[in-house]
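Before any questions on how it binds or moves, here is one chain, the form predicted on its own, in structure tokens.
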């Protein structure tokens, strides 16, 4: 009897040991093989060493890189409002191709994705209220029935699209209005700054707007402002037969979103004074700066660059410059993640150390921004009929950028921009300035919104 009890006790202890071993290994596996985070961060100063004795300017740069979406277990759910211009100018091939592109887009949605369809001419009309894609065949039939006539109530169309989005608004979905238009907004608010304000308002609600300008008759300033201020994409599509490719690209971005609602809070330390964030809307409250991105795609790198004024310091002194806090929603695991960085500078009397410690990639960002801003001034001069003034300013822009390319340790990004600026100079004399202008605005929008794939960034 005693032997039997001893054997039972030994067996029981062996089972306990086995269970403990299995649980420990499972716990370790989770610990050492966690779900990779959606975003990676690189927070740095343009000058980690600065000359002592006087206040000076420096730049704080925050690079945010989306993890390749192919490594994520599933794509995020979508909530898309397709807003289609059906004014008279869209008749014929344009409408046929637009409907085919919409049909292709609908075919790529999953059952639990949400879609709505809004058309506008003199007024906006909801043809398909927001709903999950349980019965896409009916929506496809609705698309086939669309005809073209009337004027262009673009503002109303986008606003109605946003109302449909709000019915299923969810921070764990990609909430996107996709607008297609070939004409000038001529009913309701129609100025670029009015659409920019609409974009800002929607962005604050977690809704972005991607704009597709079709042909040569639309207002590219309006479309780029709406997209830019809502953190969406902007496309110039000269020929309607390219619409399907653009829709494919847009859906590829939507499906590859890895993080949303990225809120960036920068708290400057000591006497450091924030001046501005280059090329972005921001809120500055004393020494606090807040800005955000609506979403970041897989393998996409975005950055913000904050211009700072650093007070004078003593040689050998190290000073904290800013605390950077970034909160975002991981689109796959549906969880809020927080990231924190503290950056500092060291004061020195040695100019060689200052030069050696400069960050050339951050100065590339600054130079690219400044060249892009100057190219916008060039377009304004050309619009006013001052062709010679536009040429002179753009020649100066190219000369400055060329010198920066020559002196940069990592010139690839600047070389690409230099080519764009040279193309702008060549196009100023172009008889078809309308087309060239739309191409320029699309490129400027790309630079403003830092739409760069990681593999393309050097």
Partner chain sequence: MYNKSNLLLLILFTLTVGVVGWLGYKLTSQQDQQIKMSQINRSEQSLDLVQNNISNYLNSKKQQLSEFIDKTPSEIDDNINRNPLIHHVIIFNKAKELIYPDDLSSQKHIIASQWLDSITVEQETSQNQVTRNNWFIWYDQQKEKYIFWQENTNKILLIEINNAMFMAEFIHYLAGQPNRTESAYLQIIDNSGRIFYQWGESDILNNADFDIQKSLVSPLSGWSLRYYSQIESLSSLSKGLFQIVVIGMLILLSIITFILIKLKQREQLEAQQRLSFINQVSHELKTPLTNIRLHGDLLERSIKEKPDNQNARQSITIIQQESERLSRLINNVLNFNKLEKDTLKLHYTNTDFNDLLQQAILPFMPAFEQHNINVEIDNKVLESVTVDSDVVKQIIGNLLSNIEKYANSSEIIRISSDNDTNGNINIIVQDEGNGIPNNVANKVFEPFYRMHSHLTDAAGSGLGLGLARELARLHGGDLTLLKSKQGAKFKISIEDQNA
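Residue numbers count along the first chain shown, from 1. It should be emphasised that the depicted structure is a prediction, and the values quoted were computed from it without experimental measurement.
Below, we refer to the form predicted in complex with its partner chain, which is not included among the displayed structures.
Its partner chain is not drawn, but in the predicted complex it has a heavy atom within 4.5 Å of residue 286. For residue 201, a non-hydrogen atom is located within 4.5 Å of its partner chain in the predicted complex, even though that partner is not displayed.
In the predicted complex, residue 123 approaches its partner chain with a heavy atom inside 4.5 Å. Interface residue remark: residue 346 is not counted as part of the site for its partner chain in the predicted complex, having no heavy atom within 4.5 Å. For the options 340, 239, 205, 320, the residue carrying a heavy atom within 4.5 angstroms of its partner chain in the predicted complex is 205.
Only one of 313, 279, 183, 189 lies close to its partner chain in the predicted complex, with a heavy atom inside 4.5 Å, and it is 189. For its partner chain in the predicted complex, the listed stretch (160 to 168, 347 to 355, 128 to 136, 303 to 311) containing residues with heavy atoms inside 4.5 Å is 160 to 168.
Although its partner chain is omitted here, in the predicted complex none of 172, 250 and 255 has a heavy atom within 4.5 Å of it. Contacts between stretch 41 to 61 and its partner chain, counted in the predicted complex as any heavy atom lying within 4.5 Å, involve no residue at all.
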